[in-house]
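Here's a solo chain for you in structure tokens, the form predicted on its own.
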């Protein structure tokens, strides 16, 4: 495939959803079916077009192309390499499943004419992040995605949603300012912000460290890193469930992606390790892992528990980035894939349960496995994968991360992974076990000691489009665990070797 063709495809992948967003908004005036159909077709076309880049990537292709210059050495550019393709293909795949799921889920919701254009515009923004060829382009699309996603957070327009949206917006502005400040420092020190010129910062300086901390703040906020995670447990529960799946499954990964670009393209892992700057990332990663899991134990709302779990799981990715060897980076990249499948399945399954029953409190979900066996079965599969039960994908990513820690003589990190897995079991098993091993309508003991019977209500599975998305995502956690030589793990290992080898520069 010629480089010009690759560049053209990338531009279409980014711009097509963004252009289609106002078209979808206008089509809402004509017909709901037209609006829905255009949304699904846009997501499907984006996925198919993204996958056409695979042969080029498989052959080791790298593209760095400047579109136009703003001022000397500051340009809008695009890049395609193993890392960008891996994240772009993952995003378009999850979007392809979440959009049809939305058709059924949002049928009971208001303001669908606003929801679908925003959903599709956010897809284009995410693809713009993953294909950005310089820090400025990445910053522009990162801010576009963050600001437009605010509309998804406040979609319900309840007091709780508006408060969560306000907190999200404040944190987004803080993160954006930090990124902008860091980018200015890098431009001043290196004379460029291009990701295609090799490590921009090649020696230690106070300003270089300040910029690194700015990037940790800006991208770490989006990734849910401690102590910048405060927006996440409020935003995810109030957003529509398909939006929650995308916020956790994909949009958190944009923060991790940004940090990967910073570690390997703005600086170099050799420089970070030589001056112990990687220790900052390692400490924050460990705190994020343990804090997210510990607080998840205390949550009674199922979506809030899943939100805190996302914080912990993203800590795994950050931990892998602080250990500079092939296994650790492979584990971090593969956990991005694995977590996208697991957490998207969990949020969509939880959304289906809420959609059918209106119940969000974990204590009220006992016996739900008898009423919605497919949905709850997929939830259980994804949850067991989160715990790290073999042969599911979560086990494979944790195993690889553990190998990476042992490769550099850091068994303490393995202990952190084991403790986190134990905590995962402690907050997921109390959802799964009562769902299947208790019957709906059994005796319920209230806090004051009174006991009463609840009537059994017949509940059916969610709509077929909702079930299809949940089953496919849950199946991915099994498939990518049973087949270690699968495409996702293979891409992760190739990407790790690519990054450690200098990023093809």
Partner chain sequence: MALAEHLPALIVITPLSCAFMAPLLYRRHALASGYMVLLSLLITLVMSALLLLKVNREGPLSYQMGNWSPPWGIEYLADPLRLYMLVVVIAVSLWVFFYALKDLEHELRREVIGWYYTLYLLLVASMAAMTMTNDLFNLFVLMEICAISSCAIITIKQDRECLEAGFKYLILSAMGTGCYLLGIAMLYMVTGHLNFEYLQNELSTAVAIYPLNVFTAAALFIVAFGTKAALFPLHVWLPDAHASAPSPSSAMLSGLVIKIYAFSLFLILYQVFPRSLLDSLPLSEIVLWLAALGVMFGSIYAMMQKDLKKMLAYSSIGQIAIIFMGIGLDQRLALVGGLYHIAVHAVTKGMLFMAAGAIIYATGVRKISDLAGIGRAMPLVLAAFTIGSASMIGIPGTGGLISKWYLALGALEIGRSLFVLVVLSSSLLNAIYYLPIVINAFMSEEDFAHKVNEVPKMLQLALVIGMIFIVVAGVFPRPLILLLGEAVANFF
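Remember, predicted model here, so these are calculated numbers, not experimental data. Numbering follows the first chain given and starts at 1.
Form predicted together with its partner chain: not shown, discussed below.
Contact with its partner chain in the predicted complex, judged by any heavy atom within 4.5 Å, is made by just one of 205, 107, 157, 298: 157.
Proximity to its partner chain in the predicted complex, defined as a heavy atom within 4.5 Å, singles out one entry of 387, 169, 403, 354, which is 169. Only one segment in the set 33-41, 472-480, 62-70, 46-54 has any non-hydrogen atom within 4.5 angstroms of its partner chain in the predicted complex, and it is 62-70.
At a distance of at most 4.5 angstroms from its partner chain in the predicted complex, all three residues 74, 174 and 185 contribute at least one non-hydrogen atom. Within 4.5 Å of any heavy atom of its partner chain in the predicted complex lies no heavy atom of residue 269. Residue contact with its partner chain in the predicted complex: residue 143 places a heavy atom within 4.5 Å of it.
When its partner chain is considered in the predicted complex, residue 161 lies well away from it, no heavy atom lying within 4.5 Å. Put simply, residue 273 is far from its partner chain in the predicted complex: not one heavy atom of it is within 4.5 Å. Interface residues of 104-139, taken as those with a heavy atom within 4.5 Å of its partner chain in the predicted complex (partner not displayed): 114, 136, 139, in sequence order.
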